[in-house]
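One chain comes next, on its own, written as structure tokens: the form predicted on its own.
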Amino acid sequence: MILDLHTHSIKSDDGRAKVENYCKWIRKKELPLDGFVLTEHRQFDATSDYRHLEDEYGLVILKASEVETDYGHVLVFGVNDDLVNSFDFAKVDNPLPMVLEAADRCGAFAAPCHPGRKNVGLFAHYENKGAVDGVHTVEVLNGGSIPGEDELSVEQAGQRGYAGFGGSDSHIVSRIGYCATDFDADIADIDDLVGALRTGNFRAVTYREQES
């Protein structure tokens, strides 16, 4: 089961992609994706319903969030009411330990994304402030990375024993699927995704060669 775990639609402030157009692009380009996760910036979109698109295009479409912390950006999967009320998703400096603890307590799964990126990546903050307990999984392949960033992510994750996943970080339709995650388990809903992430039975993959 291959999912792109990091995408943004027009619901994000800097997103320019409509969800249906993602679906059309995946099918038109015959991308090897079984679905994707919408990780809108600093919010959780609890209202949009994409089940009709799932049925029409045969794709799994899930919703998560990208929140901002004092140690960089973090993807949060399995967002529920308890978690939404645990901290302010709109803030840009949530304490990372608090976000990790809240996600775990509320049955969600939180993992830093693009950790090799300057300023908004986990490892840049590690270099300045030291490591944080509670991190166990990071996004090691990111479709928006510049040369050197993913290499740093892979290296640091390996040294620290972190599991690694992939996501395109797409903000426009043509970027979806640049990077993704190959799961051993079948995933039909967000609970399945959280469970699969907890097992660690997945691997980051890249399809950047399919850009044309």
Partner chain sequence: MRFEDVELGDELPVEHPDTSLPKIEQWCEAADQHFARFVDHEAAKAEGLPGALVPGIMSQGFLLAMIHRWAPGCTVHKIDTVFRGPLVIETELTITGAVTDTDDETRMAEIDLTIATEEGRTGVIGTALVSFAG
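Positions refer to the first chain, counted from 1. Since this is a predicted model, take the numbers as computed values, not measurements.
Although it is not shown, the form predicted together with the partner chain is what the next lines describe.
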> With a 4.5 Å heavy atom cut-off, would you call residue 34 a contact of the partner chain in the model of the complex?
Replying inline: no
> If you check in the model of the complex, is residue 174 within 4.5 Å of the partner chain, heavy atoms only?
Replying inline: yes
>> Test of understanding: in the model of the complex, would residue 144 fall inside 4.5 Å of the partner chain by heavy atoms?
In response: yes
> Heavy atom to heavy atom, is residue 189 within 4.5 Å of the partner chain in the model of the complex?
Replying inline: no
> Of the listed stretches (26-34, 43-51, 179-187, 150-158), which one has a non-hydrogen atom within 4.5 Å of the partner chain in the model of the complex?
Replying inline: 26-34
> Quick check: do 82, 85 and 91 each get a heavy atom within 4.5 Å of the partner chain in the model of the complex?
Replying inline: no
>> Just to make sure I understand: among 1-28, which residues lie within 4.5 Å of the partner chain in the model of the complex, judging by heavy atoms?
In response: 14, 16, 18, 21, 24, 25, 28
